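Read the single chain below, which is given as structure tokens and is the form predicted on its own.
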């Protein structure tokens, strides 16, 4: 078959039309889907009333899945391949630890030595309004930099930290933060990564990066702030306005994203995500 695609924005993204993920899929059809994934950076599948098993099965076609052992409190109790992004309270009535997940610009699992290739996020429940997600095209952002800036950042490494979510600092305290740091020590990643499949260069940082390797936070901050502001300019960004039963996949190697808290938090927002492991990158370093 020939895929029917509808572009989502000038910056990135395409909707895949007329594909039902509850039905068997040929290798040739998946090959077209994967090619579109590499071309557009984001693929949106609407109206996919799939089971958790089908979500996992489709995700595995993109590669090996993470079991989220680095985020043990956030994964589904019965399906370790599924990461919960939800404000539904825990069974004991305590607040969900993942209710603030993704509220800063980031790329998934960048604080590990095997960052994500892709993420497949399914929308189960939505508030009445809001709860959108922003995505930025980091290849387009890199290409728009001056040659002087490209030369300046060519050999820099940013230190990526886990445990930067609001809940860790504001509510869980130092013990929880130490637990996160033990599970996920600081990782130095190149600021400019070459996509292993397309060969294109992309910025690779975000708000989990507080300094560059061999530099202080004070020295690093102006350039990190500039690059993050530059990468998230409106001309590089797509805004996903969710519907229930949306399945969205994005290429973490060349995109940045941020979940917005623009909704009534007394209303349920429940998402579930699989994470496709990518190629090894970066190294453990000091905080």
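Residue numbers count along the first chain shown, from 1. Because the structure is predicted, anything quoted here is derived from the model rather than measured.
The same protein has a further form, the form predicted together with a small molecule, not shown here; the description that follows concerns it.
Here the marked residues 133, 242 and 269 all reach the small molecule in the model of the complex, each with a heavy atom within 4.5 angstroms.
Under a 4.5 angstroms non-hydrogen atom cutoff, the small molecule in the model of the complex lacks residue 43 among its neighbouring residues. Heavy atoms of residue 85 reach within 4.5 Å of the small molecule in the model of the complex, making it an interface residue.
Looking at residue 139, you'd find every heavy atom of it more than 4.5 angstroms from the small molecule in the model of the complex. In the model of the complex, the small molecule sits within 4.5 Å of a heavy atom of residue 257. Of the candidate stretches 95-103, 152-160, 139-147, 74-82, only 95-103 has residues with heavy atoms within 4.5 Å of the small molecule in the model of the complex. Scanning 209, 188, 121, 191 against the small molecule in the model of the complex with a 4.5 Å heavy atom cut-off leaves one residue, 121.
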